[in-house]
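Just one chain is shown here, as structure tokens, and it is the form predicted alone.
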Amino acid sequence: MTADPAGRTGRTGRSGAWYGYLFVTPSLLGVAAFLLLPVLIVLGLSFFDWKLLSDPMFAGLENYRRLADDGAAWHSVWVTVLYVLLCVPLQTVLAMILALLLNQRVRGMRYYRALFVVPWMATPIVMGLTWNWIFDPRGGALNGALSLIGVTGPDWLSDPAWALPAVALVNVWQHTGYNMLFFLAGLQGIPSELHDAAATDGATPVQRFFRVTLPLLNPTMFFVTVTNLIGAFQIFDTIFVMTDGGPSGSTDVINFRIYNTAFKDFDFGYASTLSMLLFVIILVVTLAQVRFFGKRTTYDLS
């Protein structure tokens, strides 16, 4: 397009840009009010000593010095990392396998897809109570099933060695079907001509998966892993219902420690410091994922 000598085209372009900003403004205001502002408030509170019932007193970096020497807090970070490692890889792999199986032209397949998403719609309280019964060492369904094959099941939620894997299993069960939907959408967005061309060149199904399907699923993989990791690092409700941070602190994740520090110890200043620690961890992990997938992701298949 040739620019108008009077500059009308430039003015029209600038006017169109302002219209765009106008439509985006409500979303930006929401992000500022419900994301940026709370982060800034928590950051500010982390520099205060505030016991809720007393007036806040400026403490400078005292809360951060306390954090550096707080072995219990770093134990919670380690437990959270273990939970993430137990949960995210397993549910991601299972979600992709389910998507591959359900990406077939089989009668009634849409009902199977819906069935796998049902656990995700369950409320955490109901889900936790149900799984508490399943994991019950005396009358629970899981140990009852194991006893049929001659295996004595452990005391799942009271054994420090099994409590965290049990909670991770519950969240894998709940979120795998939801993640499967994204992988299924990604699979259906891959042109069939690419698979046909690879098959014509003699590629086996396994080779087609690793050389065609998997690379083209990178945008989906990026979204799923980022959201899964953020959600896993913020795990709280399942822990609260099923184990209350026990036994012996084996499920005392960082979010649960933040809750106890704020609402049981009424130490909102230090709880804010722990929250900033969690924020920084999630930010660093997310930026690492952005950098990893940035050079490996193709969005345009045309």
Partner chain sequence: MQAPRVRWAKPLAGVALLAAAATVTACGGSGSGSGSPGDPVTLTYRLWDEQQKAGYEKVMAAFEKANPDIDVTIEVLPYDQYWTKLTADAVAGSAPDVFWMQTSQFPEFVTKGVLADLTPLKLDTSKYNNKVVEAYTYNGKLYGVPKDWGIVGLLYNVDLFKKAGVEMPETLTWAPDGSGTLLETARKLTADEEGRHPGDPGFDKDKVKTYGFASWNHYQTQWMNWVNSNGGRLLDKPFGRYTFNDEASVQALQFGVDLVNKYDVSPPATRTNPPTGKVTDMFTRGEVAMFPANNALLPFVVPEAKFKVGVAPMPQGPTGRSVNINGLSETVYAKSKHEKEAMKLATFLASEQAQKVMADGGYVFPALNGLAQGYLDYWQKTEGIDVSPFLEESKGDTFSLPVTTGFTGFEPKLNQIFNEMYLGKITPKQAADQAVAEGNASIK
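Residue numbers count along the first chain shown, from 1. Since this is a predicted model, take the numbers as computed values, not measurements.
Although not depicted, the form predicted in complex with its partner chain is the subject of the following passage.
- Heavy atoms of L157 reach within 4.5 Å of its partner chain in the predicted bound form, making it an interface residue.
- Its partner chain is not drawn, but in the predicted bound form it has a heavy atom within 4.5 Å of W133.
- Y270 falls outside the set of residues with a heavy atom inside 4.5 Å of its partner chain in the predicted bound form.
- Residue contact check for L277: none of its heavy atoms lie within 4.5 Å of its partner chain in the predicted bound form.
- Note on the partner interface in the predicted bound form: the residue among G108, G139, G150, G71 having a heavy atom within 4.5 angstroms of its partner chain is G139.
- Highlighted residues F209, P215 and N228: none comes within 4.5 Å of its partner chain in the predicted bound form, counting any heavy atom.
- Taking its partner chain as positioned in the predicted bound form, the only residue of 30-50 that brings a heavy atom within 4.5 Å of it is W50.
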